[in-house]
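What follows is a pair of forms of the same protein chain, given separately as structure tokens and numbered structure 1 and structure 2.
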Structure 1
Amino acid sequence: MQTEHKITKQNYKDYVFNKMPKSSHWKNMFWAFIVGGTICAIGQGFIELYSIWFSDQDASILASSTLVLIAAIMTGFGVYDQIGRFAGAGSTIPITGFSNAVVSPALEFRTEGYIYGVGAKMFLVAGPVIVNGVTISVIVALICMVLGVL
């Protein structure tokens, strides 16, 4: 005779907890710090290099653009996704993560055409970030204007 097991919230929660792979938070934080710091150091290196020929503001813009371009190319070759799996937030927080978030869906949906595939899906992940960033910027500018800070 077979014994019936009634599934409850608690024993299901225990089952999932026991089956869930255990992660090493300290190791993940270490590698996120190392990779994110390396990306930022490379960006600072580009700023220093571009400062030889351009103003500081232009050098910063060029450095950001260079990092975005490099990350887009690395995403196209599948390299950035491997870095992301390894480094987690260390690769997604810098501007290179934004580039990856735009290029990945565009590559994934390119078979659906340039308009409905690449154009429509390109900002699937990055779109909400852009909308929220612009909205918060406008709100902060309005508050500063009302307070007379600007």
Structure 2
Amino acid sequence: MQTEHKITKQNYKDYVFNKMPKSSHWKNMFWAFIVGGTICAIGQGFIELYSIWFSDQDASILASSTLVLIAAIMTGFGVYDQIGRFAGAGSTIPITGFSNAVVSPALEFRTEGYIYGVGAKMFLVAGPVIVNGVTISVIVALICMVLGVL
């Protein structure tokens, strides 16, 4: 029971913050590390495999693309979000998380049709990644040109 301070509108946020159950930081970090590391190690496996036939750079791109495809299929089967429930950033930050972010809205909004549903909503979550990524790549390249680094 709260006796020391009166709860008011002003201090309510602090009061709630202190009362809130906290996420278990160590557990979250442990699973993020294990799952994230495993996805990257699997990616490394594909790189090793593809570099038998392709150049290093192509092998790397193909490996990432394979991971994207696998994550898309896992999303379709409703498995990827189960991993995300405990892995958190471990399944969000790898490229597979990007794939999940593209596929899950596509799947969800299919009921609104292929044009306005799948087509328009596909980048609901992942859109910011493409938009910001392309913008920053152009800016960085222009800055480097202006500075004469290139």
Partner chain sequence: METLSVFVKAFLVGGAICTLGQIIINFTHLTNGKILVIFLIAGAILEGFGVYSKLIDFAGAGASVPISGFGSALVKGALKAAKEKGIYGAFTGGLAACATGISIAIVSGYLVSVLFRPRTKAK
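It should be emphasised that the depicted structure is a prediction, and the values quoted were computed from it without experimental measurement. Take the two forms, find the largest set of C-alpha atoms that superpose within 1.5 Å, and that set is the rigid core. By convention here, residues take numbers in order along the sequence of structure 1, the first being 1.
Engineer: Just checking, which of these two is the form predicted alone?
Structural biologist: Looking at both, the form predicted alone is number 1.
Engineer: Aligning on the rigid core, do we see the C-alpha of N11 shift 2 angstroms or more between structures 1 and 2?
Structural biologist: Comparing the forms between structures 1 and 2, which are aligned on their rigid core, N11 does shift its C-alpha by 2 Å or more.
Engineer: If we fit on the core, is the Cα of H25 displaced 2 Å or more between structures 1 and 2?
Structural biologist: No, the C-alpha position differs by under 2 Å between structures 1 and 2.
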